[in-house]
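Shown next as structure tokens: one chain only, the form predicted alone.
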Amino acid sequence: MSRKYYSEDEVESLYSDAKAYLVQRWEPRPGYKPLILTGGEGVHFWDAKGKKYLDLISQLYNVHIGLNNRDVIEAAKRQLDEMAYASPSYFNVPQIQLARRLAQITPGDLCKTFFGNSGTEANEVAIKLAQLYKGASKIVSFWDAYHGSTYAMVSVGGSSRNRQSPGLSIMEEFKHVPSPYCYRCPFKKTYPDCDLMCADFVKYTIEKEGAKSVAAFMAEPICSWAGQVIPPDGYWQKVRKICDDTGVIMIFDEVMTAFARTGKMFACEHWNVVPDIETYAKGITSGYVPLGATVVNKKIADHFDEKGFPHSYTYSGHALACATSLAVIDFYYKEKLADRAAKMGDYMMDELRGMQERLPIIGDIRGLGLFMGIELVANPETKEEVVPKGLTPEQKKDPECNPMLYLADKAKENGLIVSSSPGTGIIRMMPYLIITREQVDEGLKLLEKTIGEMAEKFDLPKKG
């Protein structure tokens, strides 16, 4: 594909317009200028000045199939030629076909889908379905979780970054429990001697709230915002039984983990656990067109067939988005991307273990498939966090004070894109599923160089 470059003056003009006319996301960083992207191919993209980057987070963890996939682009074009949009008052063919395809490929008896436009909307639908089905309002979820940015999703998500914004309304019927974060167990236990106390705490919380008042337990099967937390064996099986015994709906937010990302088509398949409701976005279209989906089991589907579901969006079941998703799903299976993610993930984890031996700043590595995290520590023995305690809000935004901001900025300078869990020393890596071994080697070489530069800058543990 042809690349479009801009002169220095043109780029500065674009930045001026962005500052003047765009409401910025999250917390602004004084003087920081996000990249202006103009194109990409495969696992690389380039900015307006023409600099090329190797992207190890697949944009926002969502472009599983890589950039500029012509199969998907052509499918979208064909649908635009046929019919771009139909009111949700009607059915359209791609919508029906995608709902059928999801029923065929999702685990267990997940069988009927409500379509929205994003992961946030899919999660909103899941919460509403559970509350209406149970006739109860309370939702239990993880601390340090993220399920979206609307009021309900900020409330159900346990992220302090979102919940502690002054003046923001929080819905108090949403309750929280610790995630199964074995590296930093909040109960100071060690697996398996802990006997999965964190799962028992889910049961304890439901009982104390009153099982009849709790509609659902909602979680990502791998909690990303908390730091790519991979639950220990037996955790999800135990939570599934707790939900069954208490009559609480189990909701899996698979917005980030579904569609081959973890080495299975759906992450819940790693534990042979089927939730009552599951949500998707990101990989369902690989970012080519916005789409979210909420899939329910037969028992819940039958209930709403009879009662109706008082909910809709103007763009529910958007024909273009559904046609795009069908092409993306075909590509997953044609290229066997779940198997590829599993094999490439094993290779990356082996290489990261070698990096951990060379860099004592790496306290822990964890992951499934191409969904992985690296936890950096100031002291590998005590697990002292790499981001200093007591930083002021201004210092947290300053790469001269915050090692993780410095690392992200330095990585960009080195032509590499990685991200971190906010406020932590955890590097999140979720590469495009089409990444090659040579590209993995190139990316990890740049990452090791960057971590070393950060350790040198902040006088952190150096190479052994």
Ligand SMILES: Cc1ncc(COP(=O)(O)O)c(C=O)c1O
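Residue numbers run from 1 along the displayed sequence. Fair warning: this is a prediction, and the values are worked out from it, not measured in the lab.
The form predicted in complex with the ligand exists for this protein as well; it is not shown, and the discussion that follows is about that form.
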Exercise for review: Scan 297, 316, 79, 118 and let me know which has any heavy atom within 4.5 Å of the ligand in the predicted complex.
Suggested key: 118
Revision key, fill the gap. Heavy atom within 4.5 Å of the ligand in the predicted complex, from candidates 146, 217, 114, 266, belongs to 146
Check your understanding: Would residue 278 count as touching the ligand in the predicted complex under a 4.5 Å heavy atom rule?
Key -> no
Check your understanding: Taking heavy atoms only, is residue 110 within 4.5 angstroms of the ligand in the predicted complex?
Key -> no
Review point. Does the ligand get within 4.5 angstroms of any non-hydrogen atom of residue 262 in the predicted complex?
Key: no
Review point. Using 4.5 Å between non-hydrogen atoms, is residue 123 touching the ligand in the predicted complex?
Key: yes
Check your understanding: Which of these stretches, 186-194, 251-259, 354-362, 301-309, has heavy atoms within 4.5 Å of the ligand in the predicted complex?
Key -> 251-259
